[in-house]
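Here you'll find one protein chain in two forms, each presented separately as structure tokens under the names structure 1 and structure 2.
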Structure 1
Amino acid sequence: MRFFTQHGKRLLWALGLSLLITACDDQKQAEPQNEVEEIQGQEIAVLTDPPSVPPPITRKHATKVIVNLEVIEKEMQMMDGVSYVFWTFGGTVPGKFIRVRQGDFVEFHLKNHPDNKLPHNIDLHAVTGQGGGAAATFTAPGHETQFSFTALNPGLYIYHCATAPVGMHIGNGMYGLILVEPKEGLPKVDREFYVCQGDFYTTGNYGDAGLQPFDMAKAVREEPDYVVFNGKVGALTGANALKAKVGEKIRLFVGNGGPNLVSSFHVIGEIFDNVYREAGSVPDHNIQTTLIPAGGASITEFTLNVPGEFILVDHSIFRAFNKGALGILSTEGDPNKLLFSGQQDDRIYQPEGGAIQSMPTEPAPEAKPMTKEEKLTQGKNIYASNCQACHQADGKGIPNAFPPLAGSDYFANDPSKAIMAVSHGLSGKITVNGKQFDGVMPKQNLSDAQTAAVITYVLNNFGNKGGEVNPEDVTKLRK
């Protein structure tokens, strides 16, 4: 019995020592690398507009990096037909992408354009020091301020304006990303892209035309009208879609400027091989959706194995299809039927009960009669709000998912088909421009006048041959 008691004590002592050593090792790994390297030479930082990223850093030494960033207040489009006065770092939302190496000595110059109305500053989450540089860079219009810092910790970090009221400055677009590459660099990939989500608050509702001011009350209630990637509805769709090829490894630098919402970032049809959650040093693997907090960032990596249109979304999904948080990664290449076959069969299925369902809503009140020009203007806004997410800004749709409206032969000689699709919904197989589609389009909650306006807009755009639909035409078919 005494042997077992002594033996047990030895085991407990050994186990305790092992746990202590492990804890110490973990603590060492968690400790930041604060050694300051010898600085060799200097360079001017290459800054890029979204979705582009500066080239990887290949040097093996720390250097002095001079960053020149200008604040510009400017009117730009929030979506087609809707404009907004954005406050920007470098004239874009998000601001310029900054790339430095761990150990670099960064000399930062913030310039506030003389035409601006307000003072601004910058808080870089990559900075170890008071306010991330905010107090050191409080800059009046027509002035330039400077401060310096050493990039101690590798990672992908948000930067933003921190001038009071801070939420208003961020909510007007003042955020971006700075990457501090580890000393050994990042693993090689074929393409890198810069995507940053933000939520915006306007006096008008989503899609209301014209210049829209910032709405502080909505911002305080955290009720955004727009949730977008890269500062605009459709910034990453149509002609602006990200482009890649089968077999390429992709790295997305994804930020969330906020100011309020957490992003549930997801790429439809892909699984992230690696996710550096909140841009930490150790990746997780095989991740479907990753949370990115307001004021945070994540690095995602994946390999494109098959061609297709891969859709970037905030998977708080109404934000994607109703507020703008949607982008496209368009991938070209040869299909691999073993990995993804596409549709192999389609047969009749008739369960009991109704096959088509629609939302139990009443049409909106009728609008006053409009001229054709007025219909085109209103129809453009309705299209952007209700149709663009599926049929795309250029009307070309999404292959194998949503049929094109551009040059469509489906309703070319019979606009009543378009009226029926909008007012009653559409289900089952249709052929458009020689290609078959099989899906469900729910009926739209639009008044007869709104339906007439949006169809008139489609008939007169996207390479279609023209025409006009009146509310009376819609009324007749709706009944």
Structure 2
Amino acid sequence: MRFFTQHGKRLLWALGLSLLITACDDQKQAEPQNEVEEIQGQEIAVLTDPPSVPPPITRKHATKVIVNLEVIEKEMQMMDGVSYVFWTFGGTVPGKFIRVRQGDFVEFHLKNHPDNKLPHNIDLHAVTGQGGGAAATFTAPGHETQFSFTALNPGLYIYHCATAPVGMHIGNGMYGLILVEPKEGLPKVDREFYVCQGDFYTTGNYGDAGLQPFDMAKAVREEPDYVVFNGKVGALTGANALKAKVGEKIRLFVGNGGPNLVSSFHVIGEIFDNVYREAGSVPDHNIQTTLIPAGGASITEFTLNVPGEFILVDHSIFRAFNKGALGILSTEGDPNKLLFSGQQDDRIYQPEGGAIQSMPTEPAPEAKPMTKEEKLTQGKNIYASNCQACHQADGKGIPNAFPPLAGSDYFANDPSKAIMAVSHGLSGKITVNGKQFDGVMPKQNLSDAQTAAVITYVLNNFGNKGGEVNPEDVTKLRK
């Protein structure tokens, strides 16, 4: 009896084990394969500065790859006129782009330049192992450390410094991307670019000139002064814009170093044909905006069908237009009017019809000449609904954007200049009260009587010196 029970137990145990083994087998099939390949030969990794990417890997086998990365603490521009002491992997923000193949055996050397003041290390998200290599690479200034790992999982991974205070090391620019290409490689494209977003915290506000120290309190509150692509306001605009041609297939390797913000990455005027969301292995299609976590990445691909200046933004849009998260992909080539026409028409739109805007019993205001009093009352309303959004309720405008109408010397001695601005629009460099403006004021779709009213209102308010404009004055200038 005793024997039978024991035997039965053993039988059950064996059955359970074999079930477990079968289950494991099934699981193995469903999960990505990452068994270790035989290593053949060795090479030194080609590392590139943003926005360049090392060439695609054509090898069909795993190899030993030696990566030499040097930490450099150095002063660079955060924006023209604003400098900052960045801590970098390789002298740039983001750091050098590293490209290896799945299965590669990576021998990693981290060098901390002797002129640096602090110890640093590296946590590569591509590493399976303690701290992503952080403790293994803790490196004092003037030292070099080494560790190795096998790149098991393909994907695009952030690497960053993980030396305490970690937020400060990342916040000073210590991050970059490492691509582990799948064994079969990535589909061929015409151009690849390296873009990485980061948020920065300075004692001064956005644009305050000079050398700006890191502001720990702002970083803890997650209130960045700068949110930028590739370490600087304008790193990807003007002469630094990314360049491509119509018909080309583009791949963007986009990372987000943080330290705090999540990016809503978008390219204005493009739709991503493929997005490897969070840099996973299977692409989604037809994506407009993709979220990139802090400490994460995304691969986006699209074909350029028409020429234009395609604008890369974090679609948390104040970051783009007020904190720097804006880049340009400048695309040359022949237009295709069928795919995109550009503006084809601009005409007056009056849903109620031009004449029905007054009570039928009263004569239309434009027919009966307005008294100055009437102009002031009507002008006030026109100002509130047509001008105030830009020139502000107090007429003082917004520095560097919208010039003041209050005490403006631009039209003080010649109200026709104000009439011209409203009836024709105004653009290009102008000086108002000693300040230069270079904006665009759209032409205002107002009738001659309405224009006369609003300018009379402006002339008699905001500390201006008075006067009156008649519809005929506008009619004359309108031509």
Ligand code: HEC
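Reference numbering: structure 1, starting with residue 1. Only the largest set of C-alpha atoms that superpose within 1.5 Å between the two forms is called the rigid core. Here the structure is a predicted model, which means the values were calculated and not measured.
- The form predicted together with the ligand corresponds to structure 2; structure 1 is the other form.
- In a rigid-core overlay of the protein, residue 222 has its C-alpha displaced by under 2 Å between structures 1 and 2.
- Superposition of the core reveals a Cα shift of 2 Å or more for residue 413 between structures 1 and 2.
- With the core superposed, residue 333 shows a C-alpha displacement below 2 Å between structures 1 and 2.
- Fit the two forms on the rigid core and the C-alpha of residue 456 turns out 29.4 Å off between structures 1 and 2.
- The shift recorded for the CA atom of residue 440 between structures 1 and 2 is 5.7 Å, with superposition on the rigid core.
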